[in-house]
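Consider the single chain below, provided in structure tokens and representing the form predicted alone.
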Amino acid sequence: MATKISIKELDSQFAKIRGLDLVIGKIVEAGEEWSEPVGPTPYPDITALRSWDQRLLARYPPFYSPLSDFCEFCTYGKCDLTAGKQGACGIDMATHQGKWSLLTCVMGAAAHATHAHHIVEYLIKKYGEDHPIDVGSEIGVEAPLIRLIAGIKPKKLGDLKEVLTYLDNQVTQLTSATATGQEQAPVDYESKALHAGMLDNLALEVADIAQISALGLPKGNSDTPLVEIGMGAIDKSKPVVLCIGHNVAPGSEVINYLEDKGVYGSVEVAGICCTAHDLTRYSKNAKIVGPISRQLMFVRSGIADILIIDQECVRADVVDEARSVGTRIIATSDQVCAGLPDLTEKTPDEIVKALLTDTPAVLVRNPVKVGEVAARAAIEAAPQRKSEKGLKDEQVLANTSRCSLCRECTENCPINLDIGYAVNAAKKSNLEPLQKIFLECIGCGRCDEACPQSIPVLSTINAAASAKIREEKFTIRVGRGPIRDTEIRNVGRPIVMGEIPGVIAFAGCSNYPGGNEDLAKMADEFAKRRYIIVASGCAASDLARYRDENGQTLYEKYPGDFDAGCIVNTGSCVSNAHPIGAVIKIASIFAKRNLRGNFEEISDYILNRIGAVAIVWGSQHQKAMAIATGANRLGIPVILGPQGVKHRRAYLGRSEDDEKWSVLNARDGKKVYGGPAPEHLLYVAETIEETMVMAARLVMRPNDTAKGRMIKLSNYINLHKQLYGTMPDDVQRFVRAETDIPITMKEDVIPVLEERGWKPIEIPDPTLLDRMVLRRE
């Protein structure tokens, strides 16, 4: 970070100076000036945006459902916090829950910030600090989050180091606030949680623009290639290197080594979770095996000769599981050492020898060395492992003979699948119930641990469905990375005016009931209705694992443009920065708002004018919550799927409380009713019906034109009737004038409005910020 001092003219007894720019902390080169003025909050500290957070939290107060009645954070505990009681330190239940919110978000932010550190350090070491940031020829706003939050315009990899330093500092500050005796108000814990979410989003962008620039990943191309996804895509007759996690560096080095030796085509390089996305962005010949939920199944199949684990989303038992099927393991990250011996300083020859003889699981914290070692070890190990690869159906299914139908597996299933009945049916040679379970199973393995008969229940489920698993092969469009400025120019106006009904981003993990089909059906329905659909991470993978009635996957069915009726795959989890960045770019490119250190104004613009909603149908862990909370601070509502209730916190508005929905009319400064739009910031839905109707409701904004609101209302009412068979009971809250009512629905809607005493309201030029008022009357 640097401080700039400009002296236009100085005439003193010591010196006469004209036109001097002095920058403390960083040398500014000629031609490096950025003419955009610096906004009020470059590099905001943990309280700089507190007033904005308080505005949001006043409208969308946190709703908590505590996991426990007790606080056990210190040695005074455990303290009963029920019925208004306070703990020994004076903490009450709301404050305790606020602390949990902050802890959850700061853990997620720390994970992504560390990831960003690792990839940037690796790329700088390999390509140098001066390697240019280049995310595409049609992309002038290369880093909307960095510009908005940090207030800098990064031009080379080295420029990202100061952003990482800022992230380190802020994550430390936030973590310190969770210590006993520090923060003490729920609203300030939540403000800090929102800050952690913002940092998380910033870290995502740092990581992805660095790897796009240096590794040559797709730069916003809409027509990236379709590649294979699924276990059936893997040719197990070849040596297989399987990568699990989020850091593409080790996997990309495996590909580099194989290409250098001219043997890439004879070895399968595949991945699970976000590393898989980034491997296919790096090389279209890499394979995506599947999302995080299939991790245990794939590892137990023994199909991998070498398993590389990097960081994030790695199961804690993956080393033992891999060892049990003869797969060698290389851990590669400081964050996941897995109790393994550190052979980083050994030569590749020594590490390969160790892996193939007496040390089948090692830690090697050097991506280049991992690339060579993994490739060589896989090639050498594969011939001896041929008989160990694949699912052992008969052997596994024989275990069902021990089932006593105690239903411990059912009771421990986090999504309430009737596993006990299905396993017992398999005992009687009826595999059909287990095959149905497979389609909905999230692969956690809790059923294994619960079984008193030591039946490997998850493996049994997989064995019953082995024919389907072996054939699983779909297509997914390679993650394209950022949204081009040219696309923003095309869709900015219709999005802000409401004529494109909204941007719906699917993100998160794959721990949802009903399998991936529900997720795909939602995306398909909204794409048909000409919303812009964006997906990333495991959600993007799961969208690919569904075919419609014509046998097409969604990526085959819809174009990959950022436009109405299209489905965009941005890439891995760090590519979540791009749909968020696209929304920011609408404010910058279409509305000409300055981004530089101008967080409040841009968030106010997004909250009041841009109909964007994120659906996190599966949200397993802290990172998903951090991403969602960062979106919330920018004014983007998020709907969590059924598992999201276990985060035990939501930001809910009360549509009937008119005072909460007042905004300033920027045209005259008057405080007016803007309507409950968006009604919630963080909402948990139980079903896809509830999710779809809520998404159609949450894209409404006070700024919608009459035509735009008409289109949005048409979708909202139509979906409600289609899925529930009735007119929404709150339709009167979203009709501001008769011109908002869809023409074909007037006969149905007007009587409802009359019955409910509806009155028209003024359509404001809405803002929550006093300084955005243009003039006052």
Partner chain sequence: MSAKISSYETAEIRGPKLAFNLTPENCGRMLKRSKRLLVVVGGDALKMKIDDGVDVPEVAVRLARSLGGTIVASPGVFKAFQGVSAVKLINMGLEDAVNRLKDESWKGFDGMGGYDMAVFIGGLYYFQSMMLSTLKHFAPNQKTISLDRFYHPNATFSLENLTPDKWKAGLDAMLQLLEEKK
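Positions refer to the first chain, counted from 1. Here the structure is a predicted model, which means the values were calculated and not measured.
Here the subject shifts to the form predicted in complex with the partner chain, a form of this protein not shown in this document.
For the options 472, 228, 121, 690, the one in contact with the partner chain in the model of the complex, meaning a heavy atom within 4.5 Å, is 690. Residue in contact with the partner chain in the model of the complex (any heavy atom within 4.5 Å), chosen from 234, 413, 441, 505: 413. Among residues of the shown chain, residue 84 is one whose heavy atoms approach the partner chain to within 4.5 Å in the model of the complex. The partner chain in the model of the complex is not approached by residue 742, whose heavy atoms all lie more than 4.5 angstroms from it.
Using a 4.5 angstroms threshold between heavy atoms, residue 670 stays clear of the partner chain in the model of the complex. In the model of the complex, the partner chain lies farther than 4.5 Å from every heavy atom of residue 633.
Comparing 261-269, 523-531, 681-689, 484-492 against the partner chain in the model of the complex, the single stretch with non-hydrogen atoms within 4.5 angstroms of it is 681-689. Within 4.5 angstroms of the partner chain in the model of the complex, the stretch 58-73 places a non-hydrogen atom from each of 63, 64, 65, 66, 67, 68, 69, 70, taken in sequence order.
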